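First, one chain by itself: the form predicted on its own, in structure tokens.
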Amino acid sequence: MKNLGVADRVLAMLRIRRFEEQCIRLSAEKKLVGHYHVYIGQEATAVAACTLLDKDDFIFSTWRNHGHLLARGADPRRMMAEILGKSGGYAGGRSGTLHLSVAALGAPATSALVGGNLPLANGAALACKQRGSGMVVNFFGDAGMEEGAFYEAMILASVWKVPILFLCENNSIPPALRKRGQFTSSTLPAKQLVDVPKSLNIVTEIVDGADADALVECFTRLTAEIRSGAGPRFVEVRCTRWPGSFPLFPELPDGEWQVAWAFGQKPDRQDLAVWLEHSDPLLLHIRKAVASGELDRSQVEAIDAQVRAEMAAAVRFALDSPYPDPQEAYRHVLAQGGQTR
């Protein structure tokens, strides 16, 4: 468990940003087939939460899982290969993006069902309590709170006092922006999302998803409380959805993210420019670090060059990796009276 320094935090967030941009590019080139989601704009949350975890801790993720796994330490080469359905991926190309997981890193399952990971995460937290070590971070979106599984998980977690952080990433968008094939945001009768877990005697907090330092402070304190046996905690991380995630399929609204944008240059797209100024955790953290003298532009550019090279290598590895043999589809399948073929 560790808190990253400023440069390492920028590096970790940039790795997620550049990885997701490559996914968008590969999709546009028809090399990534099928639907997928990206984590752009929420990088500080995964980095702040996952870098505080130990080896015997667990994370459970959603379909917006790339950032969580990268922050947990997954290899971007094997992740990219899995997303492209290649044999070099973590599951040999079987899981693709929506079920991508790395059990060896304490990330045993990703659920593409809204709220589907909540019962699994709760069970893992109970196991941690019974064995006397470890905790769970359960990532889910605000729409997950509309599912019955959410309430079952909250009730049992509170009754059992299991070591779990329920981390709700609320990236809902204003109704006026629900166009171009967008999904609507969640609708709950509660005045605030945190009112629901509060009613079940779970300690709650709200934190700004664009403020990396606030996220680190919040998660550091809450994970310490969870590890002390205080029971579950619930955090609503409030994010403003990145403009490139508005359409049904992600797109790069003004090309890849530019270091120059953190130093005064603005993109042509007005909605992107507004989002960068007020909601981009990466850009805001870099500006804060530069203002405090902890980083300068040349250092940021050097970090970016390192990350770009790493992601280019990940893409090359994935593209060069062969597709699995068709017979691989029959492995791990129970058939013929329980025999595996």
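This one's a predicted model, so the numbers in the text were calculated from it and none came from an experiment. So that there is no doubt, residue numbering starts at 1 and follows the sequence shown.
One more form of this protein, predicted together with a small molecule, exists but is not displayed; see below.
Enquirer: Just one of D271, E251, D75, E147 has a heavy atom within 4.5 angstroms of the small molecule in the predicted bound form, so which one?
Expert: Checked against the cut-off, the match is E147.
Enquirer: If the cut-off is 4.5 angstroms on heavy atoms, which of these, T204, N171, S95, S158, is the one near the small molecule in the predicted bound form?
Expert: Of the listed residues, the single hit is N171.
Enquirer: Report the stretch among 59-67, 309-317, 23-31, 283-291 that approaches the small molecule in the predicted bound form to within 4.5 Å, counting heavy atoms only.
Expert: Within 4.5 Å of the partner lies stretch 59-67.
Enquirer: Give a yes or no for D211: in the predicted bound form, does one of its heavy atoms lie within 4.5 Å of a heavy atom belonging to the small molecule?
Expert: Taking the distances in the predicted bound form, the answer for D211 is no, it never comes within 4.5 Å of the small molecule.
Enquirer: Closest heavy atom of A230 to the small molecule in the predicted bound form, within 4.5 Å or not?
Expert: Contact with the small molecule, no.
Enquirer: Taking the small molecule as it sits in the predicted bound form, is G141 near enough to touch it, meaning that at least one heavy atom pair lies within 4.5 angstroms?
Expert: So G141 counts as contacting the small molecule.
Enquirer: When the contact criterion is heavy atoms within 4.5 Å, does L113 count as touching the small molecule in the predicted bound form?
Expert: Judged by the heavy-atom cut-off of 4.5 Å, L113 is in contact with the small molecule in the predicted bound form.
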